[in-house]
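Quick heads-up: the structure tokens below are two forms of one chain, split into structure 1 and structure 2.
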Structure 1
């Protein structure tokens, strides 16, 4: 195991623990952003830079910002004092997360190492993906953009208060 992998794994685990332990939704979303960045770094480390940068562009910039705006626009304005920043179920969350992690590790070690791994006939390049996205898949791309815009407008409408 290399040092860079250990650092990236520590970043992802720190974000995941923060995601399951913290109480406030905004802090959980920021922890999720740390996990997304760590996974993007892991993909870049595994020589899949397009996948890593796509993860940053799609999840970190679009989905996380959408979640943050939705949470910030629709949350209650009541301020809680004398409340711990950690969730009441943080111990249970850590136990469930640890057991899922242990189950995944157990399944990975039981799986055969080379089960019919074949190489792709022609690996997709970033140029060919971009060309297909802007020619063949323009309509789905525009529909997704429209849906994200509608979700953002919906969050603003829900957050608006009636003047009366």
Structure 2
């Protein structure tokens, strides 16, 4: 593990832990953006800069802003008062999360992972990505486009004030 990776991992984990313990919802969302920044840095480190910047573009500027708008549109009196932000069955939730983590760790250390790394001549080029997208993956692309359209229309209809 190199120092750079350790620093980025620390950033990601700080954001993730902050998002699970902070009290105010807006603070949680802001620490979510820290997680995304860390992840974007990891993507760039893994020679996928296009996806890293796309992650920032999609998540930080679109999804996070959407979440923030929703947070502001739904003011929750119960949670912003003194009631604990954690649900009643939180112990059980922690146990489930912990056991999943233990299971994943067990699997990672049992799996026969290749320790080496194949050298790339250049980072994944956007051009080849686009060519794959337009030849081999054109059907998934169309499906995704359809899904996005459906999701957009659905979201608008669900969130409309007077569904009529």
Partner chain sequence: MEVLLLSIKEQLVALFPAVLQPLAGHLLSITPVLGVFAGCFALTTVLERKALGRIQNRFGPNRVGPAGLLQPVADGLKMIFKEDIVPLKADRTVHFLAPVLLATTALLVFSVIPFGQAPDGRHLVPVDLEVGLIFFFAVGSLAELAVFMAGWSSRNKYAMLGAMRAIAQMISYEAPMLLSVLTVVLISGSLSLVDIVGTQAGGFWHWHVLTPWGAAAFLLFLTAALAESNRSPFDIPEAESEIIAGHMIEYSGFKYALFFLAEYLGLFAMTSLAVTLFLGGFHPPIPQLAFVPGPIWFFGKFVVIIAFFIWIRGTLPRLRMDQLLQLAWKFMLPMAVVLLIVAAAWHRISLTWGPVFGWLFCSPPVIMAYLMLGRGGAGKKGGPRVYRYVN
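Positions refer to the first chain, counted from 1. No experiment lies behind these values; they were computed from the predicted model shown. Only the largest set of C-alpha atoms that superpose within 1.5 Å between the two forms is called the rigid core.
**Q** Assuming the other structure does not fit, state which one is the form predicted on its own.
**A** It is structure 1; that copy is the form predicted on its own.
**Q** Superpose the two forms on their rigid core, then report whether the C-alpha of residue 10 is displaced by 2 angstroms or more between the two structures.
**A** Shift at residue 10: below 2 Å after core fit.
**Q** Determine whether the C-alpha of residue 131 shifts by 2 Å or more between the two structures once the rigid core is superposed.
**A** After core superposition, the C-alpha of residue 131 moves 2 Å or more between the two structures.
**Q** Quick one: core overlaid, is residue 97 moving 2 Å or more at the Cα between the two structures?
**A** Yes, its C-alpha moves 2 Å or more.
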